[in-house]
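We've got the same protein chain twice here, in two forms, each standing alone as structure tokens: structure 1 and structure 2.
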Structure 1
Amino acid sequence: MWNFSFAIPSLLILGLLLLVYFSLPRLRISMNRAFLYILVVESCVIIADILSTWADINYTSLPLFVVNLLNCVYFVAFFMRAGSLMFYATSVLRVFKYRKSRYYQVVYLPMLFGILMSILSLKFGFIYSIDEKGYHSGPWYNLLYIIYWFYLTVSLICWVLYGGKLRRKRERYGLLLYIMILMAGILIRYMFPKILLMDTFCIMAILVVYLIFENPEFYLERRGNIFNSSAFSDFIEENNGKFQGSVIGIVIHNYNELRDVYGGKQMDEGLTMITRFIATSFPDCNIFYHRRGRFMVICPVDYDPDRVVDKLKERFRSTWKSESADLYLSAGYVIMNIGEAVVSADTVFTVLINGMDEADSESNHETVYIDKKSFERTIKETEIKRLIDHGIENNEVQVFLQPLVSTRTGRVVGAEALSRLCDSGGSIVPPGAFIDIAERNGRINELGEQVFEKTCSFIKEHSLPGKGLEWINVNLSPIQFLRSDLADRFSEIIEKYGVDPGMVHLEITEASMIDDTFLQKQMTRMTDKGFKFALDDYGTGYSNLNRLKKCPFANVKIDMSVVWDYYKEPDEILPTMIKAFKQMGFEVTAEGIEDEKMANAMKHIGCDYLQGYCYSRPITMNEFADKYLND
């Protein structure tokens, strides 16, 4: 006798799940559509299962064609479920995003074949038949199992191939668990066909994916019925290359300050009112929220984003009023057209956030437009960030050396260490392209230390001083200079290599000299340990000779722009300045010496050292050693 005591609770659980699922906003992406499809198909299967089983038991009191039809509906739904279970797994794994070809749709043919056979069974009894003695399994009944095994095996293969792309471990193994539960379900059905347990296993599998992927709360902002930034990323990722519409960024000016002034409760109320306004004014748009008063609105292609922004501007001119809130808010706007560009969701997100930062800082409230160039810049910056990370982690930051020539002897007496990175094609990336990114990225300390350490290692390897080379300059970013433990860290490295700290001159720029007290404290701390300082790029920042007097610089490097200006139009300013430096006890280096004439001019006005392409461009440490350090 059939037992459907398992099917009814399964149906109740499914109903509950559908209720929760529909009570919250859902993101329109294929994974969620596939989930909805499973819920609907599974509901049909269970209902058809209960009805057809009941009809099979009571076939004597029912017209045969009704029994026949109910069984047919059940088998059709049963085959549809097989395809939908695989469809879900492949949507989560984004298989068809990676393999776009229509060719892959042939995978649904077995399901269609099963459906056809079920319909034909009405007359020919392939899968089942109904006669005066009731229900009988047909000769092709086992097609059921074959097709399920086929889809579950395809799902498993896809998991093996693409499972690694799922971001979280929980997701990777959750999907495997889903497939395994379904396999167990079909096995149990095969062994105990009269107990309707397969539905229970399907519900278990559905619950697993609900808990791991489909809970709508995952995509919702804590504060209310609005999607969060991971929903935004998934939506963009899914539509990558297909999405033709535009994205609008809205940023509430001075959000944090206003939150302090109005209080959290009123501000939250304000955000809800803004969300509601956007949702009702632009019903076809998807709205997302990303911290600190930033909204992202994805508009379909037939929306004119400028008109949307105009309407928003208009609304923001009046106050946001509700029973518990009365706020005056102003906002900045960003319009981004993704067009056909195939860019990762991360890039879209970064570009949009950068754009919103820009819109936030604009006092004139102009709309910021994001075009192809902004994408290219961000893609390039992302690539450079990757190179910085790779260089630091693999100890592959390169150090080039450029000679410093004494005007007295005409010989190379020192060098400047200049960092370089190598890109994936083996090309050299100059520091102008990565130093400020490393500074913003928080990696400049590690990068600078690697350059410093490699310089120390070079000094040790070539037993310097000696062979004419008296010191090597290393550039220090203001961020490095501001570290209070700088002296200890550098001393540790110096000691590791047994190098004389006087061999390393640290170049700082005027950007490091903002805080007088700290500057003097830090310089003293370092000079006490034996390090020497050079002031780099003199003449490009805010120069104050009085302050310089108090600082123990060994050397002042005149920036190449100042050198070139003087060379083009000589005057008395530079020679006077150099005289003053020398009276203060500083030696002077001229940068950017490109030919003999410039060298002579600089020598003539009192420079002690010269650096520039006239002598050599920066070269690798090995080239430098071969060229200048062979006795």
Structure 2
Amino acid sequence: MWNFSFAIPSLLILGLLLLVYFSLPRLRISMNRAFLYILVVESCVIIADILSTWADINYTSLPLFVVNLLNCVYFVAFFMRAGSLMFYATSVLRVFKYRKSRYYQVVYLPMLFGILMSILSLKFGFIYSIDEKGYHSGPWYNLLYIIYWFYLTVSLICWVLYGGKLRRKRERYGLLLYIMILMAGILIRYMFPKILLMDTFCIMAILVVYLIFENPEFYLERRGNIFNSSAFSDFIEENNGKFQGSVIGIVIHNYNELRDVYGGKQMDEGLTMITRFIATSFPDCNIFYHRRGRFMVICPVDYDPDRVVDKLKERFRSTWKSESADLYLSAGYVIMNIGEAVVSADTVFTVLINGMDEADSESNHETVYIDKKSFERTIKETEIKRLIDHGIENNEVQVFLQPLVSTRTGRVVGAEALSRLCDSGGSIVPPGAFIDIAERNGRINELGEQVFEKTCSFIKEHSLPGKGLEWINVNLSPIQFLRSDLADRFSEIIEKYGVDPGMVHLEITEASMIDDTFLQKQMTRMTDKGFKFALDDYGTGYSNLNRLKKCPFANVKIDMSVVWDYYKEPDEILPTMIKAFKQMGFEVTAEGIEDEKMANAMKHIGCDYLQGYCYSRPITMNEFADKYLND
């Protein structure tokens, strides 16, 4: 006798889960469609399981064709469930991105075969048979277990091959738990076929993926029923290369200031009103929200994005009336056509956010159009970020040296350390291409510290004080200069290599001199540790001689643009400036020296040191040592 007392509670739990799932908006991606498929199929399986079991128990009081048909429906649903459970696992892992792929079609052949055998069992009894004595298992009954195990094995293999691509550890091991529970369920069914316990294990597996992947709230902004930026990224990733519509970015101008003025409650009401207006005006569009008053609207191909923006502009000219205040809001707009270009969701998101940053800064509220160059620029920047991360994490940031020549002796007496990265093709990436990016992504401190340490190692390895080289300049970015522990950290590195800190001159630009109090305090900390400072690129910022008097610079480097301007049209400004520097006790270096005539001109007006291609381009440390230190 069959016991289906476990199946009824499972059906009730499944019904509750369906109710909760359908009460919230759901993102239209394959993973969610696969989950919905599981819920529907599992509902059919449980209902068919209960009805067919009841019919098998009461077969004497029912027409045999009804008992036969109910069993057929159950076995068809059973095989469909096996395929749907694997389909969900592969959807999470994005194994089969296209349903028309050959592999996708082949992998479902066992399920189709099982369904066919179930239907043929109505007449031939392959899997089951019904006669006057009731239900009987057929000769091919174990096909259920074979096909079920086939799909679970495929799911497990896919997890082994692709599970590492899941972003979070809980997702990776949550999917494994899902597969393991299903394996336990089919094993229990094989061991105790008379107890309808497998449905309970399937419900347990469904609850696991619901809690880890499928809770609709994961994709919803906390302020209301609007999708968040994670949903946007997954939607773009799902439709990569297939999406033909456009994306419109909307950014509320001065959002943080307005939130302070109106208050958080009123601004949240305003965001809700904006969401409702977009949803009502453009019902076929998907709306996403990305903090600080930024909306992303994905429109289908038949929508004209310019008309959408015009309608939004017209609405923003009116007041947004909340229950407690009238909100006067203005917005900037971005239009992006993705087309058929296959780019990552991260790239699309980054390009769109950059566009909204630009739209937010536009005082005339002109629409920003994102073109192919925007994508190319972002892709290039992403590659440079990867190079920065790789170089820092593998200690592969290269240091090039450019010599500094004394105007008094004509000999190389110093050098400037310059960072370089190497791309995948072996080409050198100059600092102008990656320093700004390293500052923005927060890795400039690690990069600068690696350059500093390699410079100290070079000084020790080549015993520079005895080779005529008096110092090496190392650049500090303005962000790096702000580190409160900079003096202690650099001193630790100096002590590690046993190097005189006076051998290292730290170059800072005028951008580091915004806060006079901090500047003097930081420089005092460093000079107390024995370091010396050089002011780099003088003439491109806003410093004056009065400010420089307060700073203990050992050297002032005149920017090449100032040097070139003087060489083309000599006047008294630069010579007078250099004279003032020397009276203040600063030595002076002229940058960008291209030839001997320029070198003589800079020497004539009082420069102490010269740097430029006239003497050498920046070269590797080994080349520098061979050329200048092995005489």
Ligand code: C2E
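Here, residue number means position along structure 1's sequence, counting from 1. Superpose the two forms; the largest set of C-alphas matching within 1.5 Å is the rigid core. Small disclaimer: the values here were computed from a predicted structure and weren't measured.
Colleague: Name the structure that matches the description of the form predicted alone.
Modeller: The chain shown as structure 2 is the form predicted alone.
Colleague: Given a superposition on the rigid core, I'd like a yes or no on whether Asn600 shifts its C-alpha by 2 Å or more between structure 1 and structure 2.
Modeller: Yes, shifts by 2 Å or more.
Colleague: For Leu418, is the C-alpha shift between structure 1 and structure 2 2 Å or more after core superposition?
Modeller: After core superposition, the displacement of the Leu418 C-alpha between structure 1 and structure 2 reaches the 2 Å mark, so yes.
Colleague: Answer yes if the CA of Ala580 moves 2 Å or more between structure 1 and structure 2 after aligning the rigid core, and no otherwise.
Modeller: The answer is yes; the displacement is at least 2 Å.
Colleague: Could you check how much the CA of Val397 shifts between structure 1 and structure 2 after a rigid core fit, in angstrom?
Modeller: Shift of Val397 at C-alpha, rigid core superposed: 2.5 Å.
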